[in-house]
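Here you get one chain, nothing else, as structure tokens; it is the form predicted alone.
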């Protein structure tokens, strides 16, 4: 019986495959070919559920893939490569809502298949109820009522010497990209279908700022959730609960730079990272302060409030969108990152990032809560001890390696 094995480069512990907009190389191998056949023509395409993800196929690594591709598979079982990625902008809402299919060109017989997910980071306000609830459940598990792995992330983003590693220089964006990636991978170790959503803080977000999602503060700035909410037992500092000011609500549009203003200066796209990175003040700092008061308004306490991670996911998305628009993903291009001059450790291109690296000695912080960056079953990049330069080409636009995350409105381009 003729069949085709479909082998993705990596799977999670349950044998599931995931892609982003960035294609990965998949091997197709034919078995059981008819006697005397030299090859078997096949068509590779995808079957999608309503509202599910979609796939693009090509014979090389490119953003120019098509919804289907015709290949000839050798009868001798030699593998053939096909590059498979999400068909932008059609991302998945759940695992298995898109299936790769290999069918015989003659007769359309199904010869092989693989269910998968086009997993990308999405606007939190646009999540389905199921996506929202999976994220909140994983987040609550990570917190573990104050005893879970979440405490490491709380303790990474604190005052004193660690604050100098994360803020105040060009390392701000690479450091937080590594931080978010570490956090997201811990969530995905709990539920691989989860991606970290972002709060687009230049627009109102009524679905996000609700008791069903990230909560709403009462008159005493204590965040309130709906009955049965996964974060009702949230503990980040002593007792259960979250302290957040009432400056942002369901209809609030914070007073800060819009996305267009952040990406552009003087009416045109920022020409280099040296000017774009000023977004650390506005909109980043302004988004923190838009809440008026509470943990989120101060760097040493901000990660105690889970909205912090959605805020910073949007900061990283803005960097990713600028990189895409400016076509600046190459760490060797000085426009991609500020050249090394006049900055402390942690802010230069080839500096290793604390707390995922050593040395744990002055002038670097002497402790490393959380240890190395979480490994991923989907990719080896950026490694357990990333450097600033490793966080620039996150999609593998220039290098061969990618970091297995992408944004719903930032395509892959090569």
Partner chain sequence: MDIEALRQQYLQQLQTEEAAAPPPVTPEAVAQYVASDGRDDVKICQMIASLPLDRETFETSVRALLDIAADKSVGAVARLAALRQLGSAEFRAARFGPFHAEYIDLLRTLATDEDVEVRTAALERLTLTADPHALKLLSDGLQKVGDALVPAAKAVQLLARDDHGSALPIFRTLATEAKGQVREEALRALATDVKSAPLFERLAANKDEKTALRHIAAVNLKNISPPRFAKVARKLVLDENEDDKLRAAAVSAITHTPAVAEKVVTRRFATAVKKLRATTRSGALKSSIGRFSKVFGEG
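Positions refer to the first chain, counted from 1. Computed from a predicted model, the values in this text were never measured in an experiment.
Beyond the structure shown, there is the form predicted in complex with its partner chain, which is absent from this document and is the topic of what follows.
At least one heavy atom of residue 257 is located within 4.5 Å of its partner chain in the predicted complex. In the predicted complex, no heavy atom of residue 250 sits within 4.5 Å of its partner chain.
At the 4.5 Å threshold, heavy atoms of residue 232 reach its partner chain in the predicted complex.
Looking at residue 179, you'd find every heavy atom of it more than 4.5 angstroms from its partner chain in the predicted complex.
Exactly one of the stretches 113-121, 100-108, 233-241, 77-85 approaches its partner chain in the predicted complex with heavy atoms within 4.5 Å, and it is 233-241. The three residues 227, 296 and 413 all sit with a heavy atom within 4.5 Å of its partner chain in the predicted complex. With the partner removed from view, the residue among 210, 151, 94, 264 that has a non-hydrogen atom within 4.5 Å of its partner chain in the predicted complex turns out to be 264. Taking its partner chain as it sits in the predicted complex, the stretch 164-181 comes within 4.5 angstroms of it through a non-hydrogen atom at 164, 167, 168.
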